[in-house]
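Here you'll find one protein chain in two forms, each presented separately as structure tokens under the names structure 1 and structure 2.
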Structure 1
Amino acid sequence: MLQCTAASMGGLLLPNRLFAEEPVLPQYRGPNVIIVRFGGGVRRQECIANPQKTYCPYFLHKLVPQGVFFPRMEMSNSSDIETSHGQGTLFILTGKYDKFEDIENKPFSGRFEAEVPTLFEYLRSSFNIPVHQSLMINHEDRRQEEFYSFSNHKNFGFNYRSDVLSLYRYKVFLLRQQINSGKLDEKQLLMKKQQLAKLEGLDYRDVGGLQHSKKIDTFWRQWQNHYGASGFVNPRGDRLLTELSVWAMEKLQPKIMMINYNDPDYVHWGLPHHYTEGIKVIDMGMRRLHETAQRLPAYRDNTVFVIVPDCGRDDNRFMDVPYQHHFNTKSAREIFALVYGKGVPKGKVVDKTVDQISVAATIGGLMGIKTPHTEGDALEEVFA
């Protein structure tokens, strides 16, 4: 006979085994990992091909010698695999190529759902890591990527997601704060509620992904105290992502963090300058991230950086807008990667072709987690 206990549903008696506690996960003891999506699509030509003319001199001359460099990393040459930002981000996070389609088949919308787990899910399902210590730092112009932080895999998903820091999330925080303040008249309250509903409606996963933990709410209050609510004081674009990342390292101490830089994609406005300046901004951001990791005890000597582009760019000088990436040409698939930090050999250049989807399995190996759904092999040169 089963031993029973009273449930809250009208005093109904149900077996104790239905209320079994979740297994206690071990504490994470491995290195912090910071993934830098050298994003917005960057080519080898402007970054690593010519050391004297690079637009990212700190990366090439200061960081590359500190780790294992893969100058010949590539994306799949299959015509089904698109060379774009959202796809590349998910290839990095899941270690699997897939033909992603927008949930409503809208062109260039990029509202994707991964079928296999992300690195965030692998890590949080293996170790006792709170959601605020698994972070994605996202660009204000790619809001759809707010929701790449978990897959729809039946054994993983939302409960093992990362949290997200972005200007979009900050706006949601501010609107909720204003609505709950009790200081608005009826007309103002209605307007703020409409604005909030519009922002919340962008959550195409629709599983509560905009609910913040108390730690994140505290983070935003501190941000507000420093930068205010106008948006005219805090940095913008990729400079904002660097600032958010540094604040996160100081106040939240994430064990894993992915920074989705994207400024080089402003080249779609038509000027090569937008692209090259975007690379420079990311280069300055990487310097600050590195120096912050050296400064903070939680990160010093206990952090691995993984720097990899989301995709490359086309090499067609006859295009009206230069440096496209939507035509799946060879140079749009030619990228690179750098892994450096705790336990990683220094000064090693791996002069062979390697695959972008190997990044996830490599990070899994560095963090001591199994990644059974990845399809790329770990980059063995990273392991001393």
Structure 2
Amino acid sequence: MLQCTAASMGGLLLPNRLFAEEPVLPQYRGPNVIIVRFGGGVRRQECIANPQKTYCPYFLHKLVPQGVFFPRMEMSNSSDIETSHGQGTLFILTGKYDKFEDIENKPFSGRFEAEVPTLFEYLRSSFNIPVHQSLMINHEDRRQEEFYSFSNHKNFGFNYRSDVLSLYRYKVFLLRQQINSGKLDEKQLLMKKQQLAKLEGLDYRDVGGLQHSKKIDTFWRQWQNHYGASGFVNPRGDRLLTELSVWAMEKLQPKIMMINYNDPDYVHWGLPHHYTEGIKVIDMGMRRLHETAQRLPAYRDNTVFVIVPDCGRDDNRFMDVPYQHHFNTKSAREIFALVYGKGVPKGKVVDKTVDQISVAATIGGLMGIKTPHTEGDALEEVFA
């Protein structure tokens, strides 16, 4: 009786698929996909509008000619759609516009939960891909985005999530290591456990408390051996994301990886060089990712890159810094996208307005996965 009740309760809380007989999923044989979120918010003016004055010359001059370029991608101009990083990221991952609100109604928090599946869930529910090969690389200043790795959809959810590599996860690893080392006194142990509990409890949906797979643990151990535990030696900001991504490609070989660059968003504080420097850092990061993909056998000639901003930025000449914010203006909705790699035609420029939510369906098509809950149409120009 008790077991029936528990099973029923579990059935209410956990995805249905957990209780059905697990189908044997086929191995994934499609191309690796690397999604570069050219974030946090960049304008066409500084990136693609003027080839002589671009702040991302490698992207514009070297990568764009290798694929299909959409210089007029836009976010919906509906007043319900906010032009910001969390929202843009979820639009890219889910292929659906939605009005997201912080789950605790905190202002400026951005702790959103998608109601429809993300690309990670579509992929892992279709193919036998271990969690460590479906990755999101997250920025240290965007802790709220740790939770974009899975949705609340009843047929998908936690079991089909991606794993996340970030400084936040590294801290969790370090804390566990310190607690398990047996070298702490009682007071220190208590303090560390409290710190760890706080980090592990950040997502109430993750009942396992951010448990890492063995592969991820090994990854962090290698990282620690190389960079130490102070946080002062490893690269930081978006350079860290590039470093984590390259390491992931070498050691974990993810089939799908999303890199959430964000440094340009520092221009919110009013210093213009943070914006332009941020774009340059991302550009150099994309170069390194591209060269790594060329170098590694698992990725060479078997990878598709999808590069798309999460949102644009304002273009307000009444301000000292016209692009300081991205407050739902027309310019903040204007972005672009590039798809290049295996099977994608080269040197094509699609000079028509396309939607940001088309990215998910397009990636689905490239990877051979069904994306029934996306609303955007796949970008047909990408398919040869």
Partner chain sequence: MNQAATVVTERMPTVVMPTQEKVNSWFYITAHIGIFIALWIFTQGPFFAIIVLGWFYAWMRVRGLKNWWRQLKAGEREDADIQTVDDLLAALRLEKLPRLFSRSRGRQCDPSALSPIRRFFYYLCMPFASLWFNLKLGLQAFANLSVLLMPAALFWTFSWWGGWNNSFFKGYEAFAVGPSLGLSGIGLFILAMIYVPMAQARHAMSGEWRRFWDIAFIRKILAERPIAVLLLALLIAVMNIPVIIMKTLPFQFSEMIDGYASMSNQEVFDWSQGYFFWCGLYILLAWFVIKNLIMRIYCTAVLRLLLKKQISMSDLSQVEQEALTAMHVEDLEKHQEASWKKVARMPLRAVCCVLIIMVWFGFAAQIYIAQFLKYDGDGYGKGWVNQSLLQVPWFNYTPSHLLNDDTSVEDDFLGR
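What you see is a predicted model, and the numbers here were worked out from it, not measured in a lab. Between two forms, the rigid core is defined as the largest C-alpha subset superposing within 1.5 Å. Just so we're on the same page, residue numbers count up from 1 along structure 1's sequence.
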query	finding
Structure that is the form predicted on its own (1 or 2)	1
Exceeds or equals 2 Å, Cα of His326 between structures 1 and 2, core fit	yes
After fitting the core, Asp217 CA displacement of 2 Å or more between structures 1 and 2	no
Core-aligned C-alpha movement of Gly228 between structures 1 and 2 reaching 2 Å	no
Inter-form CA displacement between structures 1 and 2 at Gly201 - rigid core frame, Å	3.5
